[in-house]
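Only one chain is included here, represented as structure tokens and corresponding to the form predicted alone.
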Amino acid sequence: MKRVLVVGGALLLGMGAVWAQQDSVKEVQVLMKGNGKNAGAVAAMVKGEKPYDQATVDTALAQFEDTAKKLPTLFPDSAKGMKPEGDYSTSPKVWEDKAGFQAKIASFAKVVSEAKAKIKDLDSLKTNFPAVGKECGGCHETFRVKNG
């Protein structure tokens, strides 16, 4: 009977680890989709397609800050090699160069914080938002791969 309980417990722990990995992958996907949506809204203002709206800018920057805070914990070693549904997945470089990945996240957080302090109107948005996009894209170039 003890053996059955030990085996059952081990299976539950293993299943819990798989669920945690999948939750981590899903959370990254949700964060990135939110980032994309918010970046698109701000980019439309920069391009003159939509009028400047401070609330939209503040929402976007808050989303980016939230992403920067959460990302460091969302790539456990156990998630290496998982292929989520969608166009992109995490590059193995996230785990091969953890220090570089953490540095990119820290740099992104710094740029977002600086932009948040400076963006107050359309002109300051046009001046400061490109740095946020550059940091975001720079991380994608190194630590994201296209599926398929």
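Residue numbers here begin at 1 and follow the sequence given. Just so it is clear, the model here is predicted, and its values are computed rather than measured.
Heads up, the form predicted in complex with heme C (HEC) isn't pictured, but that's what we're talking about next.
Would Thr56 show up as a contact with heme C (HEC) in the model of the complex if we use heavy atoms at 4.5 Å?
-> Taking the distances in the model of the complex, the answer for Thr56 is no, it never comes within 4.5 Å of heme C (HEC).
So, in the model of the complex, is Met32 in contact with heme C (HEC) at a 4.5 angstroms heavy atom limit?
-> So Met32 counts as contacting heme C (HEC).
Find out whether any non-hydrogen atom of Val46 is located within 4.5 angstroms of heme C (HEC) in the model of the complex, and reply yes or no.
-> It does not: once heme C (HEC) is placed as it appears in the model of the complex, Val46 has no heavy atom within 4.5 Å of it.
Report whether the minimum heavy atom distance between Val28 and heme C (HEC) in the model of the complex is within 4.5 Å.
-> Contact check for Val28: yes, within 4.5 Å of heme C (HEC) in the model of the complex.
Which one of Ala41, Val111, Ile105, Leu122 is close to heme C (HEC) in the model of the complex, taking close to mean a heavy atom within 4.5 Å?
-> If I apply the 4.5 Å criterion carefully, the residue I get is Ile105.
Looking at heme C (HEC) in the model of the complex, which residues in 100-137 have at least one heavy atom within 4.5 Å of it?
-> Stretch hits, in order: Phe101, Lys104, Ile105, Phe108, Val132, Glu135, Cys136.
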